[in-house]
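Here we start with a single chain on its own, the form predicted on its own, put down as C-alpha cells.
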C-alpha cells in the first residue's frame, strides 16, 4: 500500500464519518463492550509496552509529574474499563429530538442531535486518556484522530491497535479512527480544515495558543489551569484545610489542582499557621504575601505567582479584604477553569458563584471534582473554558451537535412570500 500523507488519511476518516454517524446506539455500545474485553485480554501486552515507556522516561530524565501520568498499571486499567461500562449504560446522545415544531399544516420542523463528525484530539502523555477519548468518540458517533504525548509512544501504539481492531471487528466503519505518532504530523493535521471538524488540544498555554494561531479548524479547550480557593472569614477551617490539601496533592499535575489561595484578612492569624503546618506535612511549598510570610516561615511570593500554574507541590497565598476582592482577583488572574469558595455563609457563596467567570464554581469542595467521570459523563475528552458550544468537562453532550429536519409536502416559500399561505407555529 502506498504511503498516504496526513491530509489523505484525514480524508479517509472524513469519508467514514457519515457511516459512523448513522450507526445505532446498540452498535456503538457493542463496540465499547468489545474494547473493554480486548483491553482485559491484552493487559500483559499493554503493561509491557508501558514498562518500556517508563524505562525510557527514566533514561530521558522526564519530570516526575509527567511520569506519574505516564504510568499505566492494573488500577488504571480497572478504572478505564469501569469507565467504559459506565459509558455503555448512559443514554445514547444521538437522534434525540430537541424540538418538534409545526410551521404550517403539512410542514414539520425537527431539531435532532447528531455527531460533530471528525474530532482531532492532541493530548498529554497519559495512556488512559487515549482510551477515554476513543470511548467517548465512539459512544457519540464521532470519528477521531488521536495524537498523544511522545513519552507514551509504545503504550499508545499498543492501546490504539487493540481498540481499533476491536471496533472494526464489532462492525464500525474502517478508518473511523486514526493515530498520529510524530510531532511533525501535528502541523500537517492543522492544515486539514474541511476534513477535521473540531480540534481539542490539551497541554500548556503556549501549546494551545500555538494550535489556535496556526489552524482554520475550530478549536475547543483550555490553556491554563490556574485554579483558586478563597477561604472566607466565615469558613469552617477544618473543611478549608482538608479541601485545600486534596485540591493540591490528590493529583498535583492535573489542570484542576489548586494553584492560588485567597485568604480573608480577618482570619490570617488563626488560619495561616495551621495551613502552613498541613502543607508542610504533605511536602507542599507555600509562597505567601508579605503579611502571610510574617506569620509562618514561607517564601515571599511575587507578582509572577499570581499567574503561575505550578503543576507541582507549590501553592501561593495572599490576603484579600473580602469576597468582592477575591472575585476580582480570580477574574483577572484565573484561567476560567475551576474556582472554589470555602464559607458557611450561603449569601457570600452565591455572590462568589454568580460573579466568578469560570466554567466551574464550587462551594466547600475540592477543585479536583472538575472531571467528566466525576460529573457522571462517563469520561471526558478535555475541559473547555470557552463559552461557545461546550464548557467545563466535555463529555458526550459536548461531542454532539444538531441538525434541522424539515418534513413537507411540496411546500414552497413563494406561497408565504405572496401571502397565499401564512405560518401557524405550533410546538408539538
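Values in this document were obtained by computation on a predicted structure and should not be read as measured data. Numbering follows the first chain given and starts at 1.
If you look for the form predicted together with a further copy of the same chain, you will not find it shown, but the lines that follow are about it.
Interface residue remark: residue 239 is counted as part of the site for a further copy of the same chain in the model of the complex, having a heavy atom within 4.5 Å.
The closest heavy atom approach of residue 160 to a further copy of the same chain in the model of the complex falls outside 4.5 Å. a further copy of the same chain in the model of the complex is not approached by residue 71, whose heavy atoms all lie more than 4.5 angstroms from it.
Within 4.5 Å of some heavy atom of a further copy of the same chain in the model of the complex lies at least one heavy atom of residue 365. A heavy atom within 4.5 Å of a further copy of the same chain in the model of the complex is found for one listed residue only; from 329, 233, 101, 274, this is 101.
The listed set 114, 125, 90, 314 contains one residue whose heavy atoms approach a further copy of the same chain in the model of the complex to within 4.5 Å, identified as 114.
You can rule out all but one of 304 to 312, 352 to 360, 263 to 271, 73 to 81: in the model of the complex, only 352 to 360 has residues with a heavy atom within 4.5 Å of a further copy of the same chain.
Of all the residues from 401 to 415, those having a non-hydrogen atom no more than 4.5 Å from a further copy of the same chain in the model of the complex are 401, 402, 403, 404, 405, 406, 407, 408, 409, 410, 411, 412, 413, 414.
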